[in-house]
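Just the one chain here, laid out as structure tokens, in the form predicted alone.
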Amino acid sequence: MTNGLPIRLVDLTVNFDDRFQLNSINWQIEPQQHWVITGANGAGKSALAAVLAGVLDKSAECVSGSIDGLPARVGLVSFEAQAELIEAERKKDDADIMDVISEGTPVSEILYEDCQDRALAEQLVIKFGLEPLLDRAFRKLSTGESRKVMLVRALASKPDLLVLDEPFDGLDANTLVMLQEYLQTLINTVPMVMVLNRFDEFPRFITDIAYVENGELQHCISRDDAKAYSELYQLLHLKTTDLSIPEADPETVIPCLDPEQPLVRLNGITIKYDETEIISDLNWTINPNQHWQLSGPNGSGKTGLLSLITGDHPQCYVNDIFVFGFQRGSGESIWQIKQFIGYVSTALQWEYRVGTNIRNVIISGFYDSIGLYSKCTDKQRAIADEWLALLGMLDRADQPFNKLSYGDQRLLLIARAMVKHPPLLILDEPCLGLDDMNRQLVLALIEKICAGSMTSVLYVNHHPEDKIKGIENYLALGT
């Protein structure tokens, strides 16, 4: 890095033509560090790479903050830069007033126009198998061939910083291995920042990882931090995996409900203790396939409202409550109500202190038990393994539940509550006690459930602004 100085982004906010914004980015890249920027599609990875490369187009505007220490020469490889070169070639045709079709700029000219080391460029041309293409027009290359040209061009520019946005995409297997090996030879001479989606493509020399979501740099971790690395892998897996919510076990049947009836209907309900009314004259309906967020400060009545739904509140029978086809007080049992509900809370996690393995924790959801005391079926075991695969925990299926991190335990209890696909999943402060990374893991799983199941989700928390994608109905108590 130039003069050995770090690159510093301080409270940097950049608008991209009102389409996207990088928000308050704080990041420092030290000499000898090699970074990967990762995150889900549309998170802002490429935008952040463009800022580092100093190639923001006219549609981008720095709103606030600063960036210092960018070196004079930055080698950039990206689909955007590739597309710009091809577009520039097309414009040459449009500008031709002699109606003569241009052959286009040959690959050799593209390669050597910014070359700082001709001998290196010629070596790289051989390495990448570009010799037969030198006289061909750049615009006539395949995607993989033009990607190789971009790589050689950047490497031969003798950059002080390499910014490589998905450099391995479009390369055949042999070229990919060769490129990784070549980049390994540069680690003591030039810092690198890569944009990569797949953890299995991270080169061995990567030292640090930046996780971007919704235009914000949410996590910066050292690759040597095994715990943080594992959690980040799990988060990216949940955000990007094609795995969907596992199907229910057809042998574990919850009675069918009338789709024309609401799951829950509360009419003018009141909760009071002595002479103090906590909730007064509240009407609330939860329909099938409808997701709700219930929020409010301590003492606003969230827990009491939930216990009216679950049947655990002593004032159930003095209120007008219809749940899962039953008018409360008509002779129904509490277990007839609870069979339609999956429930997760911090209190449940405190109670779930058995030493069983994590696969059995999920299977116990079929039996609504704390621990597993019945022999499970092959189908139940298979469904549990599908849930573990979704959570990125299949390789840990035989680990004891009580030895897991607090966040992993919470994820498993949500899977346990969902395994029967109950009509209503109640998540009572599911992020309570979790650090930021584990909180994001839990929220990512809730988003997955909202998007991929027929279960209605009731997400309970303190803060109405803490919204989850897929939840569009809100009830705020104490306002």
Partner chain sequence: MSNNYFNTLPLREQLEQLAKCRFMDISEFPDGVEALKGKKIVVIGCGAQGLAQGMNLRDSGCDVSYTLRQAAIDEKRQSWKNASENGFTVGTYEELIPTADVVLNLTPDKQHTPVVTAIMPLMKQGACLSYSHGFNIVEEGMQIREDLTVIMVAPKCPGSEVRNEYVRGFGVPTLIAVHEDNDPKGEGLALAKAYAVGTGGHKAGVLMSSFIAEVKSDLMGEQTILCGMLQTGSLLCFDKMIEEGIDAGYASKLIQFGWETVTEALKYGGVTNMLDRLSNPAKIKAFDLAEELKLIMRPLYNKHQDDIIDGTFSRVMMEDWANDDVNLLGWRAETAETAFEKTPAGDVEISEQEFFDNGILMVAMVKAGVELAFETMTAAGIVADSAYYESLHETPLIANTIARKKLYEMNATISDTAEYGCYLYNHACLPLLADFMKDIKTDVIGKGLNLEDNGVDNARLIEVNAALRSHPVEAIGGVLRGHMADMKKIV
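We call the rigid core whatever largest set of C-alpha positions still superposes within 1.5 Å between the two forms. Computed from a prediction, not measured in an experiment: that's the story for all the values here. Residue numbers count along the first chain shown, from 1.
Although it is not shown, the form predicted in complex with the partner chain is what the next lines describe.
task = Work out which of Thr270, Gln184, Ser333, Asn283 lies within 4.5 Å of the partner chain in the model of the complex, going by heavy atoms.
result = The option sitting close enough to the partner is Ser333.
Interface residue in the model of the complex among Ser146, Ser295, Asn360, Gln380, criterion: non-hydrogen atom within 4.5 angstroms of the partner chain = Looking at the other structure, the residue within range turns out to be Asn360.
request  = State yes or no: in the model of the complex, is some non-hydrogen atom of Gly355 no more than 4.5 angstroms from a non-hydrogen atom of the partner chain?
outcome  = Although the partner chain is absent here, Gly355 would touch it in the model of the complex, with heavy atoms inside 4.5 Å.
query = For Pro314, is any heavy atom within 4.5 Å of the partner chain in the model of the complex, or not?
reply = Although the partner chain is absent here, Pro314 would touch it in the model of the complex, with heavy atoms inside 4.5 Å.
request  = Classify Gln116 as contacting or not contacting the partner chain in the model of the complex by the rule of any non-hydrogen atom within 4.5 angstroms, answering yes or no.
outcome  = The answer is no: Gln116 has no heavy atom within 4.5 Å of the partner chain.
Contact label in the model of the complex: Ile370 to the partner chain, heavy atom within 4.5 Å = Heavy-atom contact with the partner chain at 4.5 Å: present for Ile370.
key: One stretch from 392 to 400, 131 to 139, 324 to 332, 173 to 181 that, in the model of the complex, holds residues within 4.5 Å of the partner chain by heavy atom   = Careful reading of the contacts points to 324 to 332.
query = After the core is overlaid between this form and the one not shown, has the C-alpha of Glu332 moved by 2 angstroms or more?
reply = Passes the 2 Å threshold, so yes.
request  = Note yes or no: does the Cα of Phe199 move by 2 Å or more between this form and the one not shown after the core is superposed?
outcome  = No: Phe199 shifts by under 2 Å between this form and the one not shown.
query = Has the Cα of Ile271 moved 2 Å or more between this form and the one not shown, judged after a core fit?
reply = Ile271 C-alpha, core-superposed: shift of 2 Å or more.
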